[in-house]
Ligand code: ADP
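Take a look at this one chain, the form predicted alone, written out in structure tokens.
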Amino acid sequence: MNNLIVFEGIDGSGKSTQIRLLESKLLEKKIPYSVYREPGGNYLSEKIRDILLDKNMDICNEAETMLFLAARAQLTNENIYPDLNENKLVVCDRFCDSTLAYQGYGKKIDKEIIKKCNLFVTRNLNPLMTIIIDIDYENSLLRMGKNKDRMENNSKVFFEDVIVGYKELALQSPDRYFVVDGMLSEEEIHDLIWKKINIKRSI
């Protein structure tokens, strides 16, 4: 059964906070679950994460895209599929749409190539639901702070393109995406997400 729930949004949107709140709810309801982040979740993917976020690394856009995809391949095969096969609800902080938004819309890598590669590395796995926490660039800056990693150091134009990318993806598949206003209170966002997850899991 596909119980994959993905959180997406630009850096500083509040994904981590909402994932922690969701974890608390799942524990309270005694629902078996696991939580992963991208890139990461296992030894290889965490090593790739260290490379991708290293501010001293000069990585071209094509190599960056392939590194994200490699980390995703390992996470999907080593962690996500086994957990789904155990009927766990799998929560992932970023997945395929991050590469489309960041490298496709933000870095202008061919989106069709990214889509095909995403299908290849995940063996055609699509999330049950993708939650996009929508926030503007200015407010994301306030939340990120000054100590930014390599990806967070991208330009305003880049992040505005990423925001547009997420919105376009949501419009293309409204049944799978749930866009929530990131400027609502943490509790309001959590309540909206929990209600939506319950609706999706009952369909």
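None of the values given here were measured: they were computed from a predicted structure. Heads up: residue numbers just count along the shown sequence, starting at 1.
There is another form of the same protein, the form predicted together with adenosine-5'-diphosphate; it is not shown, and what comes next is about it.
J.: Has each of N3, E23 and K88 got a heavy atom lying within 4.5 angstroms of adenosine-5'-diphosphate in the model of the complex?
T.: Not one of the three qualifies.
J.: Should D191 be counted as a contact of adenosine-5'-diphosphate in the model of the complex, where contact means heavy atoms within 4.5 Å?
T.: No, no contact at 4.5 Å.
J.: Is R143 a contact residue for adenosine-5'-diphosphate in the model of the complex, using a 4.5 Å heavy atom cut-off?
T.: Contact with adenosine-5'-diphosphate, yes.
J.: When the contact criterion is heavy atoms within 4.5 Å, does L184 count as touching adenosine-5'-diphosphate in the model of the complex?
T.: Close contact exists here: in the model of the complex, L184 approaches adenosine-5'-diphosphate to within 4.5 Å, heavy atoms only.
J.: Where, within 40-58, is there a heavy atom within 4.5 Å of adenosine-5'-diphosphate in the model of the complex? Residue list please.
T.: Stretch hits: zero.
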